[in-house]
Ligand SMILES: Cc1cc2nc3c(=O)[nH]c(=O)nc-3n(C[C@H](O)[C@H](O)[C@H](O)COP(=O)(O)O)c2cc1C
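As a starting point, one isolated chain is supplied in structure tokens, in the form predicted on its own.
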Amino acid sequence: MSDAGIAARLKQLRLPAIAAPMFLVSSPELVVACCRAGIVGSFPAPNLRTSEELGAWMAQITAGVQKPSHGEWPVAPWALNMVTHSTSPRLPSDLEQVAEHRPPIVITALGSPKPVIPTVHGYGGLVFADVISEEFARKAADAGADGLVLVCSGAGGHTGNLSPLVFVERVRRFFDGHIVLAGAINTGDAILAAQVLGADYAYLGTAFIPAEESLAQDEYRQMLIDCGPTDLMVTRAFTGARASMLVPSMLRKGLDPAEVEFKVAKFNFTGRQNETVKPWSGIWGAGQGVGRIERVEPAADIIDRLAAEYAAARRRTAELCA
């Protein structure tokens, strides 16, 4: 399928939304469930220990999205998230798997999208780049990215510090491609707000951690239900990058949040390279939308609720504009 064909499929989404890729949380089953429920599903390559295992997951997802949708909407395209940072030695072999399995969208993170563009464009896929600043957005646009994921303040896991009110407006001055907005988006109202600001799609991660299809531990799911935005801390202590993490998960590991907050770990985004050093093990991330999580349920039910909220928000907006 050509990049124009994938772009056309994105216009047919039930909701203008992407279930964000989450380390050790996103699963093939979650990706497929999201796509069949009408939004883009995604997962990060570092969830797998080897490139061969990555290929197996992509094959499973490709087979899963051949099944019909849960409703009258088309099955959405899916996305693979790849780390393109210099500490990722798996990039060449992962790209071989990408060329074979052809994910419709590849989302790059923590590095330039340039290394993956020839491969993905070669089979007609789209490349989106995850960025946290205007500088990085400009570099990704200049490299030829088809879309930009603007990670703003309030996002879970690796996070930015810009307000979405500022970030989208700044990027739209120089970029007319696909824009995905990330940061504390956990409701249908927030999805519509992202569009009003000038984004094309919303990025939702925390909302899908408690999904039945995710890989999250039961204790992690319950912690999300119990916590609110004041239970979060942004720190560089676990991967070297700014990350929004749940303070109760630090406490259960015996860590003092006051000591953790300003520590900076060595830059390492490979996730599974050194099995003896896991500063992030058992430390769980979440975004500021965490306060809206109330239960564990199937991804399809989460998306049904988001769709109902989105429709209601559109009606209210129409009344305001009238």
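In case it trips you up, residue 1 is the first one in the sequence shown, and so on. Remember, it's a predicted structure, so these values are computed and weren't measured experimentally.
The form predicted in complex with this ligand is left out here; the points below concern that form.
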{"item": "Contact check for M22, G156 and I185 against this ligand in the predicted bound form, heavy atom at 4.5 Å", "value": "yes"}
{"item": "G125 within 4.5 Å of this ligand in the predicted bound form, heavy atoms", "value": "no"}
{"item": "Non-hydrogen atom contact T239 with this ligand in the predicted bound form at 4.5 angstroms", "value": "no"}
{"item": "4.5 angstroms heavy atom contact with this ligand in the predicted bound form for Y220", "value": "yes"}
{"item": "Contact label in the predicted bound form: Y201 to this ligand, heavy atom within 4.5 Å", "value": "no"}
{"item": "Region of this chain that lies against this ligand in the predicted bound form, out of 89-97, 189-197, 248-256, 156-164 [heavy atom, 4.5 Å]", "value": "156-164"}
{"item": "Answer option from P210, G147, P103, G205, heavy atom within 4.5 Å of this ligand in the predicted bound form", "value": "G205"}
{"item": "Stretch 128-143: residues contacting this ligand in the predicted bound form, 4.5 Å heavy atom cut-off", "value": "D130"}
